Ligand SMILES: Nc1ncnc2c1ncn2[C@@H]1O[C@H](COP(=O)(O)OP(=O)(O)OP(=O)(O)O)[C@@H](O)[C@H]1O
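Take a look at this one chain, the form predicted alone, written out in structure tokens.
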């Protein structure tokens, strides 16, 4: 037996073993995704086999991927399209409406309206929105928004972290990426390409190897061919790295800035939940302290506060005062002065305590109280 034939036999044997493994352990999602990869793999070398697998795939629609058994509802499923590329299925059952600016919510509501009435638009020769890209720093709500959109559309959400696939398997990433996208196009779903800048960099970037440039082309082609039955979302923290041609492919671009004071206040009320009563007097100060923070930073800190209060390891005043002290240490003198004035106006802290937390002199604090009618204990 020649080496070439032996290699082909080994390849087929490996694919057969992988099919069995996925069928036994990954369920329908895993085997369908792997089948889509085989269709592409054998399209040239074994066209009859490729067509046969493709026929089976098309004749066997996905078994309601958005409906999972109650026992699986709280656990995200990981589908393995191959040994070097993973797609994470995200549970959207508890997805809540994110706190976003009016302009972003207007765009999202338009997207949802088009998706919900896709058939009406298609009957008029109009294409519903098929894709959108979210731009903004980490923690501003991009992934949370994708979860909420999927929940509103009653569709499953799959997240592909493109940073994770840039590994020693780079040479196979193109085929695997196409297999994932083929799978997502075969069923009604929302697919989020997270950290898309990892592969969709400017093709003029001389530092990138040829494989990365080919991946940009793959992404561009797939966005153009995305069906109206699904929704393709992408997210990036680095808009400046994105190939200009990519922007034109997406139907909508939404920019997520860091939250404003009003959004922070709303987020605090939501995250504090039943513990709001313990922090009510501190809400204006917390909103001030969290300016410039992301939603995820706020959520993480407040949840730590709630646990401390619940377990009685610290009181609400101690927690907030500790946060003020840490925040003050990072500020320059004018900013610390402004913080001290806010504490005078919105808290019941004494001049001595404000001086201790911020380092601003009691004379300065006293002058502000006399001028603005502030008060101290």
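Since the structure is predicted, the reported quantities are computational estimates derived from the model, not experimental observations. Numbering follows the first chain given and starts at 1.
In what follows, reference is made to the form predicted together with the named molecule, a form of this protein that is not presented.
- Taking the partner from the other structure, the named molecule in the model of the complex has no heavy atom within 4.5 Å of any heavy atom of residue 260.
- Taking the partner from the other structure, the named molecule in the model of the complex has no heavy atom within 4.5 Å of any heavy atom of residue 150.
- The named molecule is not shown here, and in the model of the complex it never comes within 4.5 Å of any heavy atom of residue 229.
- Among residues of the shown chain, residue 186 is not one whose heavy atoms approach the named molecule to within 4.5 Å in the model of the complex.
- A single residue from the set 290, 305, 295, 250 has any heavy atom within 4.5 angstroms of the named molecule in the model of the complex; that residue is 295.
- In terms of contact with the named molecule in the model of the complex, the residue from 272, 99, 177, 159 that brings a heavy atom within 4.5 Å is 99.
- In short, of 275-283, 135-143, 106-114, 239-247 it is 135-143 that has heavy atoms within 4.5 Å of the named molecule in the model of the complex.
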